[in-house]
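A single chain comes next, written as C-alpha cells; it is the form predicted alone.
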C-alpha cells in the first residue's frame, strides 16, 4: 500500500539536481520550498540559476509517497478511474500550451520509478491562486469583472483541441460512464464503513440517492466528445489584476462533454461564500455562456449546464467522502483529508436546492 512520504527541501533538491542539470545545463537550485494547498499532489517552488547568472522560476508538481510500492488498484488505491499519472498530465499540458491556452510551459517530466516519484517541472506563473483573496481583495476587482467571460473563452479553446493530438492515456468518460463510476465509488465507500471501521454500517445519503435518480432521468442528449479539463474552477487559476493568467491542475483531464467544465465551474463550493455570483464566486452564467459562444464554442443550453452543475455537486459530495476514506483506510495520514470529508453534508443541501430549481 502506498504511504505518503514527506521529503524535506534538502532531499528534494538533492534528488532533483541531476535532472535539472541534464535539462538546463550547469545550474544550481535555489529557494526550494513546498507550497501550501493541494490535497492530492505536492507543489514545490524553486529557482534554477545558470552558470551565466540567468534565473528560471519553476514549479515541481509531484506525487507524494513511495510510488514504487504496490498498492490497491482503482479508487481503493486512492485514485479516480481517470486520474492521470504525472507523465501523462505533463504531456497533456504541453498539448494545451501548444494550442495557445493559458497554461504553464512544461520543461520535463520524470517517471514514477524515479527517486522523486512521478513528477514534472514547469514554469512558475506569477499571480494569486487563493480563491478567497481573488474574490475579496480590491487588487482583483477588475479581474472579477471579466473572469466569467474569460472562463468561457478559455473553455471554448480547450474544447476545440483536436482529440487526435491528446495523450493516449486520456479516458473517454461520457455522462453515463461518469454516473456509473461515482455510483460505484459511493457504494464502495459505504461498504468500507460497514466492513472495515468501528461504525459497522453503511453510509446513508438520501439526498445523493435522489440526485442519482434525477440525473438518470435528465441525461442530456449525446454531445460532441472533446477535451474536458475536469477540475476547471476558482482555486485552479493563477490570477492577476487583469484576469486569468494560467489554468492549473490537469490531472483529471479526460474526453467527454465540454458542458461538464461549465457546470463544474458553477458548483456552489467553488464560490467560497460569494454565492451572489454563481460562476466561481465572481460572475454571471450569462457572461460565461456569452464568452464561450463568442470564442467559437457550441451554443450553450442552460438546462444542460444545470444538469452538469447537479452532477458536479453530487461528484464533489462523494469526493469529500473519498478524501476522508484515504485517511481512514491508511493510504495517507492527513488531517486535511479528514476535514474535507466533513463537507459532504453541505453538498446534500445544495443538491436539494438545485433539484428544486430545475
Partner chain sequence: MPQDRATADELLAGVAAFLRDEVLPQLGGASAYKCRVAANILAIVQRELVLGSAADRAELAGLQALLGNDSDARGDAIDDIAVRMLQALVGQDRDECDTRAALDAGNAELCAQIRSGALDDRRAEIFAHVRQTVRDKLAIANPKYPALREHGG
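Positions refer to the first chain, counted from 1. This is a predicted model, so every value here is computed, not measured. Between two forms, the rigid core is the largest collection of C-alphas that superpose within 1.5 Å.
Keep in mind that the form predicted together with the partner chain is not shown, yet the notes after this line are about it.
Enquirer: When the contact criterion is heavy atoms within 4.5 Å, does residue 207 count as touching the partner chain in the model of the complex?
Expert: Flag for residue 207 set to yes.
Enquirer: I'd like to know whether residue 94 contacts the partner chain in the model of the complex, with contact meaning heavy atoms within 4.5 angstroms.
Expert: No, residue 94 is distant from the partner.
Enquirer: Counting only non-hydrogen atoms and a 4.5 angstroms cut-off, does residue 14 reach the partner chain in the model of the complex?
Expert: No, residue 14 is distant from the partner.
Enquirer: Would you please decide whether residue 10 lies within 4.5 angstroms of the partner chain in the model of the complex, comparing each non-hydrogen atom pair?
Expert: No, residue 10 stays farther than 4.5 Å from the partner chain in the model of the complex.
Enquirer: In the model of the complex, which of 101-109, 220-228, 242-250, 263-271 comes within 4.5 Å of the partner chain (heavy atoms)?
Expert: Of the options given, it is 263-271.
Enquirer: So which of 176, 275, 133, 172 gets a non-hydrogen atom within 4.5 Å of the partner chain in the model of the complex?
Expert: Checking each option against the partner chain in the model of the complex, the one that comes within 4.5 Å is 275.
Enquirer: What residues of 180-202, in sequence order, lie within 4.5 Å of the partner chain in the model of the complex by heavy atom?
Expert: Sequence-ordered list: 183, 187, 201, 202.
Enquirer: For residue 304, decide whether the Cα shift between the shown form and the other one is 2 Å or greater, given a superposition on the rigid core.
Expert: Shift of 2 Å or more: no.
Enquirer: So that I can tell if residue 332 moves, could you say whether its C-alpha shifts by at least 2 Å between the shown form and the other one after the core superposition?
Expert: Residue 332 C-alpha, core-superposed: shift of 2 Å or more.
Enquirer: Taking the rigid core as the superposition reference, indicate whether the CA of residue 342 shifts 2 angstroms or more between the shown form and the other one.
Expert: Yes, residue 342 moves 2 Å or more.
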